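Below, in structure tokens: the form predicted alone, a single chain.
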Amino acid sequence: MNSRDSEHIIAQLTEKEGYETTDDMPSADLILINTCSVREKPVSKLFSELGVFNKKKKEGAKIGVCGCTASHLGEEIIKRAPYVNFVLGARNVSKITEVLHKDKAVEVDINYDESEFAFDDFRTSPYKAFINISIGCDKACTYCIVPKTRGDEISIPDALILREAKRAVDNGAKEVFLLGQNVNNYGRRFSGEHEKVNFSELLRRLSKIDKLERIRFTSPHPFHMDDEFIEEFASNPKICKSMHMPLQSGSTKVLKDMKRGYTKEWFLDRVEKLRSMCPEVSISTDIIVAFPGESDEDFEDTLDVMRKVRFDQIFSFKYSPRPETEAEHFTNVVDEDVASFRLTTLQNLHTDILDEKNAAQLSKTYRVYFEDLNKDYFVSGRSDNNLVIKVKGSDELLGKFKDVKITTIGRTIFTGEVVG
């Protein structure tokens, strides 16, 4: 979502203000930092990065801070770094051309509605298109700051989404990537009078676009993974068979404390249905270890889910308290050494599972959509089920589909040869 917000910002500055991007920071007239605040580390890193940019920027260059940390900290950013020229929150992207001309402007209204704003078009890749289908989040997860930085959830009208997808395809993209905090809650609320369309129906409508070959999305919420959604995912040939299912914890007790809205049993049931209908699906997840009050038994429940699901990818972290969240005030904090041990245990288990699964990929053939030219005379792309595969080649492969046989196993990237 931050990547797409950055593209929107660049589009407005390019079309309305005549800017162009540069890789040479000291020559830039404008330096923008788009931030995340989901974890504590990026917030700390922001101010050290700002200091570096302030020292290296040319005289008269402006610095702007955008994104979720901007929403969260607002005026505090300018107080701590007075050389920052403006602060633009994650819900105020369309105001970039306004704040650019107002020194010390702070626009961080999380209730601002951009769901029907017509952004100019800019994409970092001509081969795929990131498309927002909703903004904000209505969940109340006790550990998460996002509702405080991105506001209430509002769905973008499907007509705008379809128009954006068609425009991207007309410009050469063969894949669209749908974005939202909880994509499968799409259609719950619009800002105006619009036809009520749920996520499964949106996927059906998108799949009718001629020359659009692949549809990806992130992130669906396990609570909203009803049978209609899973059946559409499994049966629609344009939907890539890769599902991100944020588990967060395998313990029903901890999930209740997190206010996730589902149980361990529900999550495993959804995985079982998904795999029964779509055996080739790859499943990735997010996991937080050492959430306040997590016992050894709770952690063992998480390991149990890991062993049963055998995720293809995990994003795992120790719990990080965030301001303005309910869990910030929980007092049953897990000891730091215990937290570190649990994270290492979890990641080691995943590594063992991954090594075993990846070994079985040798000599298999996948249809790969090539989208990245690497510096080492390789071109890389992704299979339908999200394996990253690279082959020797040139930019002639970019934007094309090829059958690739895997010849070398890697933990995150496979090497192969084009066979058709």
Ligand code: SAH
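Everything quoted here is computed from the prediction, not taken from an experiment. All residue numbers are counted from 1 along the displayed sequence.
Form predicted in complex with the named molecule: not shown, discussed below.
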| property | result |
| --- | --- |
| Contact test in the predicted complex: Ser235 vs the named molecule, heavy atoms, 4.5 Å | no |
| Touches the named molecule in the predicted complex: Asp170 (any heavy atom, 4.5 Å) | no |
| Contact of Ser320 with the named molecule in the predicted complex (heavy atom, 4.5 Å) | yes |
| Close approach of Arg39 to the named molecule in the predicted complex, 4.5 Å, heavy atom | yes |
| Contact residue in the predicted complex, chosen from Ser284, Ser125, Ser207, Ser219 - any heavy atom within 4.5 Å of the named molecule | Ser219 |
| Contact assignment for the named molecule in the predicted complex, among Phe86, Phe299, Phe199, Tyr143, heavy atom within 4.5 Å | Tyr143 |
| Triple contact flag Ile314, Thr351 and Gly410 to the named molecule in the predicted complex, non-hydrogen atom at 4.5 angstroms | no |
| Contact segment among 78-86, 209-217, 105-113, 240-248, judged by heavy atoms lying within 4.5 Å of the named molecule in the predicted complex | 240-248 |
| Residues from 255-269 in contact with the named molecule (non-hydrogen atom within 4.5 Å) in the predicted complex | Arg260 |
